[in-house]
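Take a look at this single chain, the form predicted on its own, given in C-alpha cells.
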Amino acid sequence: MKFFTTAWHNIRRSPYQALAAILVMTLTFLVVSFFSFLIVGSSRVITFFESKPQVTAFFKDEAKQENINALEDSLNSTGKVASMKFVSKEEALSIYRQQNKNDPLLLDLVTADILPASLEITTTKINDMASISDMLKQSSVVQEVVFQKDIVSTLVNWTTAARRIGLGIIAVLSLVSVFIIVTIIGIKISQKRDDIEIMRLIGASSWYVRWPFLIEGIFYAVVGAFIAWLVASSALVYATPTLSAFLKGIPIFPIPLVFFFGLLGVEFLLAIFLGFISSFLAVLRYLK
C-alpha cells in the first residue's frame, strides 16, 4: 500500500507530466481500439460474402430439366461444392416482386417468362470459385455466370493491407509512448535523487525504491487505455445507425458487449506490459 501512496504522491506533484504521459498512451490505444473494430468488421463482411452463393449460373430459356440435373451431378462430383440451390423462373419472379414491391410499374413490366432460371452454388473454398465458374461456362445450357471472387479478393486485400498498416502505426506509437514515459519517469527520479539517497542510507532495498516508479508508469498506461477504449467504444455506438444503413444487409451490428469488455481486458493487459517496461527501463537507466 505504501508503494501506491508514494506513486500517487509523485503523480500529483507533476500533473502536466502525468497528463502528457496519459495523452500519448490514449492516442496509442485509440489506434489499437479502432484497428480492432476494423479487423472484426472486415472479417464479418468477408464471412458474409463467403457464406452467400458465390457462383450463380443463369440458364438459357431452352434449357431442359434433365440437362440441369446432369450439370448438378457433374458439379457435385468435383467435391468442391458445399451447397446448390435451383431457382426456377417462378421463384425468380417472386424474389423480384419482393425486392420491388414498392414500385408497381416495375412489377407490371416483368413476368416469369422474362426472368431466367438459375443455379446458386456455394463452394467449399474461395479458390474453387474460378474452376466451378469455368465448368459452368462450358455447359451448353448456361447463358451467363456471375461470381463474387473479385469482391471477396478485394476485401481480403484491403483487410490485409489495413492489418499491416495498423500494426505498423501501433508499433510506432507504442515505441513513442515508451520513450515518453521513460523520459518522464527519468525526470521524476532526477527530482527525487536526494530522497532516494536518504532511503538507501537507511537501508531501503533497490526494489523498495523502484516500485513506486513502476506503479506510476503502469498507472499512466492503464488510464490512457481506459480513456481510449471509452472514447472509441462510444464513437462506434454513436456511429452504429449510420454504419448499419451503409452496410444494409450485412449482419455486422449489433456488436455484442462481450467483445467490448474483452477488448478492454486485452488493452489493460497490453497497457500494464507497456507501462511496466517503460518505467522499468527508466529505473534501470537512472537508478544506478
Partner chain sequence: MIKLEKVSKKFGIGYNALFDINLSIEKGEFVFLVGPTGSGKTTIFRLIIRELLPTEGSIIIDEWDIINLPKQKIPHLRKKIGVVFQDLKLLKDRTIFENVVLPLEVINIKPVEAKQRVEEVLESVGILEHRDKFPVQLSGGELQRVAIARALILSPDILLADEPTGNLDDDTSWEIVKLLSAINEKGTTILMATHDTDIVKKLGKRIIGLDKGRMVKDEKHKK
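Predicted model only: the values in this text are computed from it and were never measured. Residue numbers count along the first chain shown, from 1.
The form predicted together with its partner chain exists for this protein as well; it is not shown, and the discussion that follows is about that form.
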With heavy atoms only and a cut-off of 4.5 Å, decide whether residue 200 touches its partner chain in the predicted bound form. yes
Check residue 195 for me: does it contact its partner chain in the predicted bound form (non-hydrogen atoms, 4.5 angstroms)? yes
Within a 4.5 Å heavy atom cut-off, is residue 205 in contact with its partner chain in the predicted bound form? yes
Pick from 205-213, 71-79, 177-185, 90-98: which stretch has a heavy atom within 4.5 Å of its partner chain in the predicted bound form? 205-213
